[in-house]
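Starting off, we have a lone chain in the form predicted on its own, written out as structure tokens.
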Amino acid sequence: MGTRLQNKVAIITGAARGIGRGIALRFAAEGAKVGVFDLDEMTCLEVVNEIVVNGGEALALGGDVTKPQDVEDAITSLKLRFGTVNIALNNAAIMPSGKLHETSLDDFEACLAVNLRGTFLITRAVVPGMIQAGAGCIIHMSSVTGIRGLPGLAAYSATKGALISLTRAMSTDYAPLGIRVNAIAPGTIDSPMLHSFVDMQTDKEKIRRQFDQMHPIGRVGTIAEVANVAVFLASDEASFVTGSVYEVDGGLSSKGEQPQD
């Protein structure tokens, strides 16, 4: 067990699997008391059990980030169990694929609801307690798609770009109150979201190979590599860091051209 997040209380959305799960496990390993928030309550319980077995503390928070009452109930439960929430990591997201004209209105609105509305609701719920405490840390999970254009991800890219703007606006509002707001913009990460996207493609091997090739470092990233940055931003080591976007993307956002195969 580490101590970088000792005595901190964190809520992580979309924490039942993938990047969110990896960050929840890592935060707990660094001493944080973790609220595992996800629509899939049974899988939340599995993550919590894994944390507890390894000596950590966590609480399963089943709920929908797009529903205000679910969010309020989750924050209330977490505060009653562990105290004021010090860290909020907004990771819950869905990723409909397709060019803009290929994206249905339902898919577009669902993407906005989870990726942006959910972030708004969680953040709005935790900020008052952080203001009262005079300290807090908020991390938005953006994406390299929010920085540069990638094909076939119009709706997802729009929401992830919005999170970068939100990060910068919030950082100026809350820095005087002791609250830091930053974003992480991963490139392609070897996660269930990637696997689901690849599985929908006709030539799965070609698409998977292209994901590796598009990153100058020569491969996609790992969940652990994203979690490393999240721990740093959540810890006191990042006490002078706010309004920043950390590109955990193997150099992709610095690359000028699209990959060819």
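Position 1 is the first residue in the sequence shown; the rest follow in order. Everything numeric here is computed off the predicted structure, so don't read it as measured data.
Not on display, but discussed next: the form predicted together with a small molecule.
Asks: If contact means any heavy atom within 4.5 Å, which of 164 to 172, 135 to 143, 98 to 106, 78 to 86 contacts the small molecule in the predicted complex?
Replies: This holds for exactly one stretch, 135 to 143.
Asks: Given that the partner is absent here, does I94 sit within 4.5 Å of the small molecule in the predicted complex, heavy atoms only?
Replies: Contact check for I94: yes, within 4.5 Å of the small molecule in the predicted complex.
Asks: Using the partner position in the predicted complex, report whether R180 sits within 4.5 Å of the small molecule, counting heavy atoms only.
Replies: It does not: once the small molecule is placed as it appears in the predicted complex, R180 has no heavy atom within 4.5 Å of it.
Asks: Classify G56 as contacting or not contacting the small molecule in the predicted complex by the rule of any non-hydrogen atom within 4.5 angstroms, answering yes or no.
Replies: Close contact is absent here: in the predicted complex, G56 is far from the small molecule, nothing within 4.5 Å, heavy atoms only.
Asks: Using 4.5 Å between non-hydrogen atoms, is G250 touching the small molecule in the predicted complex?
Replies: Output for G250 is no: heavy atoms all beyond 4.5 Å of the small molecule.
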